[in-house]
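Coming up is one lone chain in structure tokens, specifically the form predicted on its own.
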Amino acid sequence: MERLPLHGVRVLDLTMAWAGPYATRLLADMGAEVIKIEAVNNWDLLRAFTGQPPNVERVWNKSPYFNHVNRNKYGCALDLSHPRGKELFLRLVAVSDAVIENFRSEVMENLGLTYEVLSQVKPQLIFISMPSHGKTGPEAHFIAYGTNVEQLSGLCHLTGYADGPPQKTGISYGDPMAGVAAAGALALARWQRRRRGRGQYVEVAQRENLINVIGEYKDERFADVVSRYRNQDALDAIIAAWTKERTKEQAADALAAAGVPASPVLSVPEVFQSEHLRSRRFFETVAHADAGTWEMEGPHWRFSETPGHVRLPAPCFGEHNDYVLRGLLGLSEEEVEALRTEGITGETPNWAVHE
């Protein structure tokens, strides 16, 4: 079997929450060596979404949310705010292909780790930033998550019921959409690097990305579309009378038999039980040292020659410190121990940070 499409590509992952980690998960699914970097005092807040009492042993490794979006990655604890941690990060940059971050717009500048600095170390480096509002403009310093991005993109104004208030999607839709866009941006930048011989800085503003996805608010060619809804209430009554006598499966089958594309609305348990998805082996079993064993969906893209799979569970905190610090950077055990003593690395996060 041939190697996965991104085999040999090393990505330093400075992202947290959903949008950024989803982007790097897509890259890792396709074979990239993604090294997720956290710090003892600055770890991914998704580790706190455990659904378990905080006194559970090593609870920070048992968050379903974190483990879902960080599969196929390596994990290293390294404090980039410390001079020694910054020095080691720059050494990692020198042996990597890309850096991706979704911090507030000023964070990398405050750390002294801008693209201008990193590209001096590695001219071929691709640097992906995912600020919510972009790096320039009067709102560049604003902080946002997927929920805010939905409001700012205009999406919520287009959802909800006719006479009701705007409604959000309920899933922070802007996050995974930004993740897909950032993963695609890195692939395109790599192609451009092959032609130019050097890397570049790529900005994926999450707000702007979602605006592109939802399209235009109004197009004059469709100004009369409301006229097609004048009998909507009567139509709803007819449909309601027909559907209440059938299960959702029966209704979907009857519509399909009549040539109407239809399918039942599935609950999450029903999705997992889907005969169709099971026949396609869509779900894969994942075993995690601390979190146990469960099923999750496989990679999005199915390559006939290089199919991707869940190769690694999400990393325990600092799980691959030895591989990164000793294997890639060549530090001695004494040097690594000194980093632990100073709190620059470690295998246990400061849980109080996100309590």
Partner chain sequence: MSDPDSSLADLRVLDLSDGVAGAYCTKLFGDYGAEVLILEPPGGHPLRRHGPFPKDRPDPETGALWLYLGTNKRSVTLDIARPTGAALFRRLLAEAEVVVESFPPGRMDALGLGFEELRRIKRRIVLLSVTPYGQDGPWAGRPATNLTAFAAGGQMSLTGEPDREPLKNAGYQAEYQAGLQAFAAAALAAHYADAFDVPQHIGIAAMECMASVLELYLPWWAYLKRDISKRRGNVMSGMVGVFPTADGHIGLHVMPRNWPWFCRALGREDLIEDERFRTNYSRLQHNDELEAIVYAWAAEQKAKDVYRRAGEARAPIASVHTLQDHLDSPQLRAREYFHAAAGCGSGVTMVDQNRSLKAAASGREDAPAFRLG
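Positions refer to the first chain, counted from 1. None of the values given here were measured: they were computed from a predicted structure.
In what follows, reference is made to the form predicted in complex with its partner chain, a form of this protein that is not presented.
S.K.: Of V117, L90, L111, A262, which residue is found within 4.5 angstroms of its partner chain in the predicted complex when only non-hydrogen atoms are counted?
M.R.: Selected residue: A262.
S.K.: Give me the residue from Q232, S279, T243, T285 that has a heavy atom within 4.5 Å of its partner chain in the predicted complex.
M.R.: Exactly one residue meets the criterion: S279.
S.K.: I'd like to know if Y323 sits close to its partner chain in the predicted complex, meaning any non-hydrogen atom pair within 4.5 angstroms.
M.R.: Contact with its partner chain, no.
S.K.: Determine whether any heavy atom of V310 comes within 4.5 Å of a heavy atom of its partner chain in the predicted complex, and answer yes or no.
M.R.: Taking the distances in the predicted complex, the answer for V310 is no, it never comes within 4.5 Å of its partner chain.
S.K.: Is L329 one of the residues lying within 4.5 Å of its partner chain in the predicted complex, judged by heavy atom distances?
M.R.: Because no heavy atom of L329 falls inside 4.5 Å of its partner chain in the predicted complex, the answer is no.
S.K.: Using the partner position in the predicted complex, report whether I171 sits within 4.5 Å of its partner chain, counting heavy atoms only.
M.R.: Output for I171 is yes: heavy atoms within 4.5 Å of its partner chain.
S.K.: Taking P83, I100 and C316 as a possible spot, do all three reach its partner chain in the predicted complex with a heavy atom inside 4.5 Å?
M.R.: Answer is no for this spot.
S.K.: Could you tell me which of 172 to 180, 90 to 98, 234 to 242, 73 to 81 sits within 4.5 Å of its partner chain in the predicted complex, going by non-hydrogen atoms?
M.R.: After filtering at 4.5 Å, what remains is 172 to 180.
S.K.: Within 4.5 Å of its partner chain in the predicted complex, which residues of 14 to 51 have a heavy atom? Give them in sequence order, or say none.
M.R.: If the 4.5 Å heavy-atom criterion is applied to its partner chain in the predicted complex, 14 to 51 yields W18, Y22, R25, L26, L27, M30, N41, N42, L45, F49, T50, G51.
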